[in-house]
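Coming up, as structure tokens: structure 1 and structure 2, two forms of one and the same protein chain.
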Structure 1
Amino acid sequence: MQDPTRNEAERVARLSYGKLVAILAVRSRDIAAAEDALGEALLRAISEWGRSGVPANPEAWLVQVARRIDADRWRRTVSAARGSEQWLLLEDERMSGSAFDLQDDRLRLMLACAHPAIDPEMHTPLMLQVVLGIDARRIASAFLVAPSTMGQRLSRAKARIAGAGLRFELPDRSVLADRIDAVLAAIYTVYTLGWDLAFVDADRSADLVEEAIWLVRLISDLAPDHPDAFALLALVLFAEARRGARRAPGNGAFIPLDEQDPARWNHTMLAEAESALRHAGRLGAIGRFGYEAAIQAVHVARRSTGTTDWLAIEHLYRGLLSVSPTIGAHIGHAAALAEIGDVGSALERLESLPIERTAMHQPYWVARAHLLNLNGNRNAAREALSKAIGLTEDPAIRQFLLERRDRLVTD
């Protein structure tokens, strides 16, 4: 039998976990303690709400109870000056009532997670766990690190926040400017996590995508003059609008971008993405997300023009390479060069990439196979495709590549 009280407590925990931790940790700066207190408050909620009903504002109830638990703990365990100072802060907070500024607290916690004293590699995992309540196991999966290792790294980073007393500054402009990139990168990761789950766990995926879009909207509100925030908003919306069209309706087979049916794209979302990108462009210098979003914009323009302007895409990839010369950008650029008829120099560029970066990189081998095939070199194309297949994780994409390899032989 389902227990409605437990369900309500679980629902609040699921939807508001990160927000509540943020609120609790803002003053105490101790994330682990905030999580403990919230966990205990949730347990109390299950028994107390069962007796007296679910309160009108469950979140405020949880925050108050968790604060009391936290304050009691300090009173019991901490002596000396530092403890009493902390206790006063908590008391002060408790007395200030239940009104809290959700958005600022949440963002403040994200900015604290991006503090320069914390290992940059842990910025995103920390934000994912602390602010979004994603469990260490799932974060470990996203970063392909053993779950126990990720758990330890997260604990260490949290201890560092508490131990070093890193401040949860108000997001004033200077801090925001220094750390917004880390926050945007984390939001982008949340989005890609959701994207990867799309065909595995649709509900969880929708939650994460919604969360990412919500966060990027929030940060673009708070940094209205930051072009990257709007560019990321555009990028995320462009990708999201094409989600359904990536898989065939019946068998779930993978469909690459250039074979997708534009009628299956979400046109409302595309229009919003385009307007966010225009806004980003008006704000100033275009960065990594801006170029990536602009490349998407050219691709989806096919829905009205019927063709893909590869000349524009090639140009944009050159721009992307100037600000962010990643291996992916080089591969995209080579593919665009081939599309505008310059297969020779496209292949040359691919071959000039450092082998230690390409040897294990699946998209490199897919692109290389495509270019070799365009060049009439079937056997080498087949070899490259085999290599790509051996490096593929997603079974739908593996199947797609296997079929492509079969076609190469029978042609």
Structure 2
Amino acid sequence: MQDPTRNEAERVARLSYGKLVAILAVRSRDIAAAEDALGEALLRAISEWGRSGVPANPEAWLVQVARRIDADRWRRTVSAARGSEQWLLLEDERMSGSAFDLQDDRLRLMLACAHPAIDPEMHTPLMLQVVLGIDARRIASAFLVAPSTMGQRLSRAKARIAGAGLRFELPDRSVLADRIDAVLAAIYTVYTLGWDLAFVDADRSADLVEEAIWLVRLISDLAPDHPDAFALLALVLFAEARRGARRAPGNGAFIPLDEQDPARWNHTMLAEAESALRHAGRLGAIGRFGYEAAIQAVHVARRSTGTTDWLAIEHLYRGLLSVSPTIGAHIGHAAALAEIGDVGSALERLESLPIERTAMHQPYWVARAHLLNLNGNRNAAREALSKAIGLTEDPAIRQFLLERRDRLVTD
């Protein structure tokens, strides 16, 4: 039998972890201490809520208890010989701080995680785990590495931070220009994780998606001259505008992009996305998010043209690969090549990708199955689809792939 108190504590931790750490760290300037205090507060919640009931505002309760825990720990670090009066002076100085320029605590913490003393490759994973409360398994899936590998990397990064005595000074907007790219990358990863969870964990998905859209709107307001901020805003809005069309009315069956009814897309959101992309183009050279948003713009142009301009998409993928040669970009380019009739080159490109990066990547196996089928190799296509099905969490997408595999058998 499940413990409702534990379930509620776990639910609050899952949905609000990053926000609560941000609230605590704004005062303490110490992310590790904030995490420790929140962890202990959650343990106390399981015990105390079981006796007295879940409070009306669980988040406020956790913040209050965690702050007391943090203050107690701080008090113990001060020599008893200095007396309580000296401790109170130190506590007041530690908690006061100057007013900050940025409007959102989570964004300030994300900028803190992009501190130049931290390994740049760990900036985004730290933001995802520490600020937004995403577990190492999900982070690992986003970076196409094993969960154990990502867990070890995060542990090493935190150990190095602690060993170097680095205490996060939450920054104002003066550091934004130097750290914005890392923050944008993290925001996009948050959105894509929320997108992937949409029909697996609806509450967590909504939380991540709302968080990502809120943060990218905020950062585009704070950096009005940064083209990638507006390009990322366009990208997430293009994707979000199609959310309602991804499932069939009634039975909830998965509908792939090329079969979606454009009338079910959110046209107000699409107009905002197109405006943001035009603004990004006026601001300067196109970057990673600009290319990705432009690809999405071509896809949604089908609502007025009735067709998809795959030649334009293939050209855009070439541009994307020149600035950001990710596994996802390679897979997308291969799919575009196949759509314009060059299936042989598309398969060659997929087969050239490192197996250690693609073995557990579901979109790779879906694309590979499609290309093998186009090339007439149905047995290999079925094997690739079986691999993709095993890597699929979403029940509707799994059913869609099963039906596609069955058609390969019976056609």
Partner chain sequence: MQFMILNYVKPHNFADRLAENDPDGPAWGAYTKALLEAGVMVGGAALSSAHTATTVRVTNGRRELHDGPYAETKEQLGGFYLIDVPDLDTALAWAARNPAASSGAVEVRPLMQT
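Since this is a predicted model, take the numbers as computed values, not measurements. Here, a residue number simply tells you its place in the sequence of structure 1, counted from 1. Definition used throughout: the rigid core is the maximal C-alpha set that superposes within 1.5 Å between two forms.
The chain appears twice here, and it is structure 2 that represents the form predicted on its own. Arg44 shows a C-alpha shift of 2 Å or greater between structure 1 and structure 2 [criterion: core-superposed Cα displacement of 2 Å]. If you fit the rigid core between structure 1 and structure 2, you'll see the Cα of Ala146 move by 2 angstroms or more.
When the rigid core is held fixed, the Cα atom of Asn375 travels less than 2 angstroms between structure 1 and structure 2. Once the core is aligned between structure 1 and structure 2, the alpha carbon position of His115 differs by 2.8 Å; this is the C-alpha shift at that site. The shift recorded for the CA atom of Val65 between structure 1 and structure 2 is 15.0 Å, with superposition on the rigid core.
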